[in-house]
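A lone chain, given as structure tokens: the form predicted on its own.
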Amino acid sequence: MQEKILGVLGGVGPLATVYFADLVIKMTEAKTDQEHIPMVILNHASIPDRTAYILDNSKPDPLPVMIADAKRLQADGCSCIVIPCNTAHYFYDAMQASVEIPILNILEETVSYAEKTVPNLRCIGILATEGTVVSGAYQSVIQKHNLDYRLPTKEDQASLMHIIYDQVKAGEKADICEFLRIVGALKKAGCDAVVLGCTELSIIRKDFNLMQPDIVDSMECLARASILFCGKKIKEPS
């Protein structure tokens, strides 16, 4: 069987891209270097901000840059593409139409995984950038699975954006107490699970070892789907 190459369209953001690659390596069942998945990683940090453009279309458009990067990954022989950024999936259809290889959809993978692993799942809380929330991307996927959803209050969403942009993206330590308060508020509002629908939030989960099964990490879901697509096995926890 021909070896599959994973193309990572990264830089959105840079730290999340590095963490994604680390996840793929750590989650792959492999006893030698040669058993791991070959990856081509574009950590293209200068791609214009996705949320800024979604909220104000007069801002620089990231789509042409991301399409060029997707075509570059295809030309480099990649078998599929992943984008370790939830907000960037606002552009998913246009990007998929621009290349002939599949782009794994982090939103679909995350909701599907939550549905399979969270008992009696009825309602999902969405923690994401304002751009992702305004785009309605997660809401559409959740409703397609016949599930309900909740969003943070306006005040909690503003606080979450501060954590994402002014703390994680800025290389500062996240306010874990405030983050957990926002998670708790969604659970009190009736959510059976909370989706970390921003890859910067995945970094918080890693840094603070948040292993609750009802906190579903989109980055881990994408890594899992990537490993299986490439014909490898998931490493079982020791």
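From 1 onward, residues are counted along the sequence shown. Small disclaimer: the values here were computed from a predicted structure and weren't measured.
Separately, the form predicted in complex with a further copy of the same chain exists; it is not shown, and the next lines address it.
Interface membership of R72, defined by any non-hydrogen atom within 4.5 Å of a further copy of the same chain in the predicted bound form, is confirmed. Though the partner is left out of this view, P64 does not reach within 4.5 Å of a further copy of the same chain in the predicted bound form, counting heavy atoms only. Proximity of E3 to a further copy of the same chain in the predicted bound form: non-hydrogen atoms within 4.5 Å are present.
Under a 4.5 angstroms non-hydrogen atom cutoff, a further copy of the same chain in the predicted bound form has I25 among its neighbouring residues. Scanning L42, I54, I182, A174 against a further copy of the same chain in the predicted bound form with a 4.5 Å heavy atom cut-off leaves one residue, L42. In summary, among the residues Q212, S58, S46, N209, the only one with a non-hydrogen atom within 4.5 Å of a further copy of the same chain in the predicted bound form is S46. Taking the partner from elsewhere, every residue among L15, H36 and K169 has a non-hydrogen atom within 4.5 angstroms of a further copy of the same chain in the predicted bound form. Residues of 100 to 125 placing a heavy atom within 4.5 Å of a further copy of the same chain in the predicted bound form: none.
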